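In structure tokens, one chain follows: the form predicted alone.
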Amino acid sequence: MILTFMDHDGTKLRKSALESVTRARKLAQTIGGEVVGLLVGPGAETVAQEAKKYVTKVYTVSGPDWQNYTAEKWALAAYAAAEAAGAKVVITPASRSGRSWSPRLAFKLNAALLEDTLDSWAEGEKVFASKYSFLNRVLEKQAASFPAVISVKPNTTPLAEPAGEGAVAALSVELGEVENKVEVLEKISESGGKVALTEAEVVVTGGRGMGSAEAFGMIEELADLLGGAVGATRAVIDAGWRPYGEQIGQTGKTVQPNVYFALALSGAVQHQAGMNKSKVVVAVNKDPDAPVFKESDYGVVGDIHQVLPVMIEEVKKLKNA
């Protein structure tokens, strides 16, 4: 049996959940068994009606004690579901939360942990996975014995298609002392992004060369026109121009969109670690020797305040054509 954690926003499955299902199905073809899912938190029962189309059974964990996320509680829920299903492998998205609770789950299960993987497969009694290392410049292969917990790097796996109509089962999980280890005082939602950054097919990122927080209005406008998300460099975050949730790079988020706009940023190696696997990179910088041009497929040498307004107007023309 393979258990896949199905991330959701309370109303529908996230893209990362469908990537995890694809990985789970691939492993099931080799090691046998069925693919079951797990939904945790507010809205789990509602989302289960969608989730059951992708797996043979969906476990839900929700209620008053599950309104706020903590790594300890989510790991406990996953452990209970893995035990109930007799899971040999647990697949989870390598989201910020997934990276937090999956090591705890691996410890509880006495299982191997394969993190941030690009692909995974089984051979005999071993499970294998590939991942990037050394600032995303080296592809390495890992191997482990079962049981295993595997996290899936966002935007690296095809999305699963519906494959039937599974059952839904509410799972009762006793928190015990776990409930009081962490107290959530406040929840602050990320603002300004209509599309989740790690799931966006188009990312428009601005650097310190934008000059001010106000100038990011143009970044937002282009992202909205393209149905994409806004990103920022560490220098921009440190300056207080944009929220930390938009930071891309070694100390921020990793994205792999179809198109990545690198605007007014130098493209230091730390930033490249978060975007250098994008399919197409479009860069604009007034410095012709900026490192970002070595990573770009298309580049414009020029003042961002002259180039970006033209780009916006051209996109508007295309949309209105």
Partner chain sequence: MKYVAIIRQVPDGESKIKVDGGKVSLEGATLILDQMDEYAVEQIIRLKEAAGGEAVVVAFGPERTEEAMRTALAMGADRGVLITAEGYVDPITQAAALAKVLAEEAPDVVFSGGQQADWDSQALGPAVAEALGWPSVTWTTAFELDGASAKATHDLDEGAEVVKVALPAIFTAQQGLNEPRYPTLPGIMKAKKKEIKKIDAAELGVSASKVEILEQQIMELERQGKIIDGSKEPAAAAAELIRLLHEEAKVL
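Residue numbers count along the first chain shown, from 1. Bear in mind that the values here come from a model prediction, so they are computed numbers and not experimental data.
Unshown form predicted in complex with the partner chain; subsequent notes refer to it.
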Inset, instruction - Verify the flagged residues 15, 175 and 320 against the partner chain in the predicted bound form: is each one within 4.5 Å by a non-hydrogen atom? - result: no
Legend entry - Contact segment among 58-66, 45-53, 253-261, 22-30, judged by heavy atoms lying within 4.5 Å of the partner chain in the predicted bound form: 253-261
Legend entry - Contacting member of 186, 214, 125, 165, with respect to the partner chain in the predicted bound form [4.5 Å, heavy atom]: 186
Inset, instruction - State the residue from 120, 157, 247, 92 whose non-hydrogen atoms include one within 4.5 Å of the partner chain in the predicted bound form. - result: 247
Inset, instruction - Tell me, yes or no, whether residue 224 is in contact with the partner chain in the predicted bound form, where a contact means a heavy atom of each within 4.5 Å. - result: no
Inset, instruction - Although the partner chain is absent from this view, report whether residue 115 comes within 4.5 Å of it in the predicted bound form, heavy atoms only. - result: yes
Legend entry - Any non-hydrogen atom of residue 84 within 4.5 angstroms of the partner chain in the predicted bound form: no
Inset, instruction - With heavy atoms only and a cut-off of 4.5 Å, decide whether residue 242 touches the partner chain in the predicted bound form. - result: no
Inset, instruction - At a 4.5 angstroms cut-off on non-hydrogen atoms, which residues of 38-76 are near the partner chain in the predicted bound form? List them in order. - result: 69, 71, 72
